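Next up: a single chain in structure tokens, the form predicted alone.
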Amino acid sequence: MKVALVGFGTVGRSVYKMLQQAEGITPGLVLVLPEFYSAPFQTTDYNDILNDPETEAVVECITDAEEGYKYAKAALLAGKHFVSSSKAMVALHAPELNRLAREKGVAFLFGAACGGSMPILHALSQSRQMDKILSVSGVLNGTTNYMLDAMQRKGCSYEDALKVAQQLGYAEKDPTADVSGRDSLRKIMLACAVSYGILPVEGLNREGIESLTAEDVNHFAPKGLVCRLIAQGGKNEDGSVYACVEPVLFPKNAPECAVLDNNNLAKSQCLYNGSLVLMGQGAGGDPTASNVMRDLILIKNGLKNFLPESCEEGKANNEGGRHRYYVRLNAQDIDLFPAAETEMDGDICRIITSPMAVSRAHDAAKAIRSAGRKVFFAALAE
């Protein structure tokens, strides 16, 4: 199977390297921007790839979601398999591209869009066909995990942890997508689409780690608690899905606390299979490329889709999920959370809430910030 590439950055270069060594799969043309053209195996015209009858599959490894969508649609219309590593593009267009791929009888896979080296979506796709997936959760962003680990094990401030993460290449110059939880949210959206045939695009709740301070860490660490940014999704009893991202405080012996540096962890809970945990590199050229290659091997062996045929966009319902929360806020805002335990330090309150809906906790924090005041909250793992 001859495979063309779109993009020749960190991931694209790793994919090309692996294609040269793979059995039964060979590299084709690589689409690059004119200013980066430097070798005869490259092209600046996508039509060279679309019109090549020997090219059976196209792999897209770029960051521009709308450009990626254009490449995906054109490849599928041309009857070529399409593999993407772009979580943003897939989160925006998955149902449409899934329908188009099925109409054309070709594959649309995107394993590398969630979990780096970990075959999360592959496992969920298989589980959906033989089991009932009850929930999916995990540490799905290496940048934030590195920062949290540095703050808690090494005593770094938020600012210092971010600076080192950027120096190591884990965080972008603009780290907003990572630290805000947006990257993790896109991944749990894809996990829900594969698991339940519903891509939640509304009703989502997202809280990142921007509000966490070294003082917060110094307060909950002696209590044996460790903070991780957790994406979680599942199916409610009424058939709707829930999907959110928020900091969670775990007892230090929990599996999530063993996820150090920039590693990721994904956990699914199924009716018959029980709990399945995957752990590994969540980003980087070679780890991500390995998931791209896994997709290509699956295509070569006949697999064409992760998503069920009926996959559609939908609305998340986070009103059913309930947690106790650890909250740091100003005294004047305490009535917005149902406090079960309270510690006062001047005008700063640190409370443990009684169980409350996920959506209510996020709405309360949003109200505080809209008034120009600060708050940090994290769910307490049960």
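Throughout, we count residues from 1 along the sequence that is shown. What you see is a predicted model, and the numbers here were worked out from it, not measured in a lab.
One more form of this protein should be noted, the form predicted together with a further copy of the same chain, which is absent from this view; the next part is about it.
*Asks:* Is Asn273 close enough to a further copy of the same chain in the model of the complex to count, meaning some heavy atom within 4.5 Å?
*Replies:* Asn273 belongs to the contact set for a further copy of the same chain.
*Asks:* Heavy atom to heavy atom, is Gly203 within 4.5 Å of a further copy of the same chain in the model of the complex?
*Replies:* Outside the cut-off, so no.
*Asks:* Within 4.5 Å, heavy atoms only: does Ala113 come near a further copy of the same chain in the model of the complex?
*Replies:* So Ala113 does not count as contacting a further copy of the same chain.
*Asks:* Would Gln167 count as a contact of a further copy of the same chain in the model of the complex, using a 4.5 angstroms cut-off between non-hydrogen atoms?
*Replies:* Because no heavy atom of Gln167 falls inside 4.5 Å of a further copy of the same chain in the model of the complex, the answer is no.
*Asks:* Would you confirm whether the three residues Met89, Ser184 and Lys315 all fall within 4.5 Å of a further copy of the same chain in the model of the complex, going by non-hydrogen atoms?
*Replies:* Verified in the model of the complex; spot residues all out of contact, no.
*Asks:* Going by heavy atoms within 4.5 Å, which of 293 to 301, 73 to 81, 135 to 143, 158 to 166 lines up against a further copy of the same chain in the model of the complex?
*Replies:* Result for this chain: 293 to 301.
*Asks:* Within 4.5 Å of a further copy of the same chain in the model of the complex, heavy atoms considered, which of Gly234, Pro119, Gly197, Pro175?
*Replies:* None of the other options qualify; the answer is Pro119.
*Asks:* Can you tell me which bits of 6 to 39 touch a further copy of the same chain in the model of the complex, meaning any heavy atom within 4.5 Å?
*Replies:* If the 4.5 Å heavy-atom criterion is applied to a further copy of the same chain in the model of the complex, 6 to 39 yields Lys17, Met18, Gln21, Ala22, Glu23.
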